[in-house]
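We begin with a single chain expressed as structure tokens, specifically the form predicted alone.
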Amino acid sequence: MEFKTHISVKNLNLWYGGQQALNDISIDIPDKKVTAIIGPSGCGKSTFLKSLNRLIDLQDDVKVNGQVLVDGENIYDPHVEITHLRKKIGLLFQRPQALPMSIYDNVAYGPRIHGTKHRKDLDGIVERYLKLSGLWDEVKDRLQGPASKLSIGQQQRLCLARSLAIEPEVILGDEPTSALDPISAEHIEQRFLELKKQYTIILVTHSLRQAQRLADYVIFFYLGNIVEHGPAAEFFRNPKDAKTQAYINGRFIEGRKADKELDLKGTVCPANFVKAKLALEGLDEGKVLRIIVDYEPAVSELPRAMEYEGHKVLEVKRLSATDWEIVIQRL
């Protein structure tokens, strides 16, 4: 299947301090399709996503080389105007980040910044993008009400409307449905299926089922490398690489010797974070901790917390119907 390219990444490398997070990434991302980025936690998915609109610049001690071409323009060229770039590429986070203002003002915020002042024009923009995000009928009679009063699922659709209101070409989603209930998640997924007719959509997801439902194209990351990529139907039906096959089938990607093991089954947040942190502090730099959990929120929250502490998540894999393994290296 032939795709028109919208974003072309060439030899992209990225470091946090002395630690390399992306290794010589080269990939073409198709135009007006849904591309799903999959792989275990800590493998570089979110880092790669944030490199596509240079949001990664906001983090300390980051070094990038290589090219990311959007419509043929290298966004890492020193002469690129960052505000213009980010207007072209919207981003939805895992948890909705509604602004502390009215529903109307959330959507009108971006257009106002970019010069739209007339109330009639703003009214049209607010209605159009609330409709596109599937929220208009639920909020049209309370537009001046606070966005904070919306449900979390409605807030995520509001954030989608706010992103669309600045008329981007690309929508990035960093696990945009993982914090939502199933019905709200379905609302967002249906929006993506509609919006891909007009926008290039790139999603990081831990859910293989979601990737299978939504994706036209799939990229599999592992330890900062692209292992395999291709059209979704072929990718899931006939994965070529053994690591891809193992990941899709829920098996270990590869054996990894741990210096210490920690069984956190039966432990919930934040106690599991405290115990994991203390265990890592008891290890020498470079040593590896293997953690077993059976509390599903910990599968995403614990790796994020450990990364925030400055450690490296090497692997997250399902062991059984209830148990997961998280492998972390102390840095």
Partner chain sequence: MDIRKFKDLFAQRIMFLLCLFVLNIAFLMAFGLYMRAKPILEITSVGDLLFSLSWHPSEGQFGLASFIAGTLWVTIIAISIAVPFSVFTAIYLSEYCHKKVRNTIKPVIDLLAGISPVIYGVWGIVAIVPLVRDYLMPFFSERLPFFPFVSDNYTGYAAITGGMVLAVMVFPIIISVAEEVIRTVPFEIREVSLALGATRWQTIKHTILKKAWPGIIAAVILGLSRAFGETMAVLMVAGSALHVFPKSIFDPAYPLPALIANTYGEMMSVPLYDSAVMLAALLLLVVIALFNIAGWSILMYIGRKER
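Keep in mind that this is a model prediction, so the values were computed, not measured. Between two forms, the rigid core is the largest collection of C-alphas that superpose within 1.5 Å. Numbering follows the first chain given and starts at 1.
One more form of this protein should be noted, the form predicted in complex with the partner chain, which is absent from this view; the next part is about it.
- Annotated contact segment (heavy atom within 4.5 Å of the partner chain in the predicted bound form): 78 to 86, selected among 78 to 86, 149 to 157, 197 to 205, 223 to 231.
- For the three residues Tyr295, Thr322 and Val327, a heavy atom within 4.5 Å of the partner chain turns up in the predicted bound form in no case.
- Here is the short version: of Gln144, Gln97, Gln190, Asn74, the single residue with a heavy atom within 4.5 Å of the partner chain in the predicted bound form is Gln97.
- Not displayed here, the partner chain is kept clear of Asn65 by more than 4.5 Å at the level of heavy atoms in the predicted bound form.
- The partner chain is not shown here, but in the predicted bound form it comes within 4.5 Å of a heavy atom of Asp60.
- In the predicted bound form, at least one heavy atom of Asn53 sits within 4.5 Å of the partner chain.
- Taking non-hydrogen atoms only, Ser163 approaches the partner chain to within 4.5 angstroms in the predicted bound form.
- Shown here without the partner chain, the chain has Ile113, His114 in 112 to 149 lying with a heavy atom within 4.5 Å of that partner in the predicted bound form.
- Remark: with the core as the superposition reference, the CA shift of Lys277 between the shown form and the other one reaches 2 Å or more.
- Core-aligned CA deviation for Val316 between the shown form and the other one: 2 Å or greater.
- CA of Pro303 to CA of Phe48: farther apart by 3 Å or more in the predicted bound form than in the shown form.
- Between Glu307 and Asn65, the C-alpha separation grows by 3 Å or more in the predicted bound form, relative to the conformation displayed.
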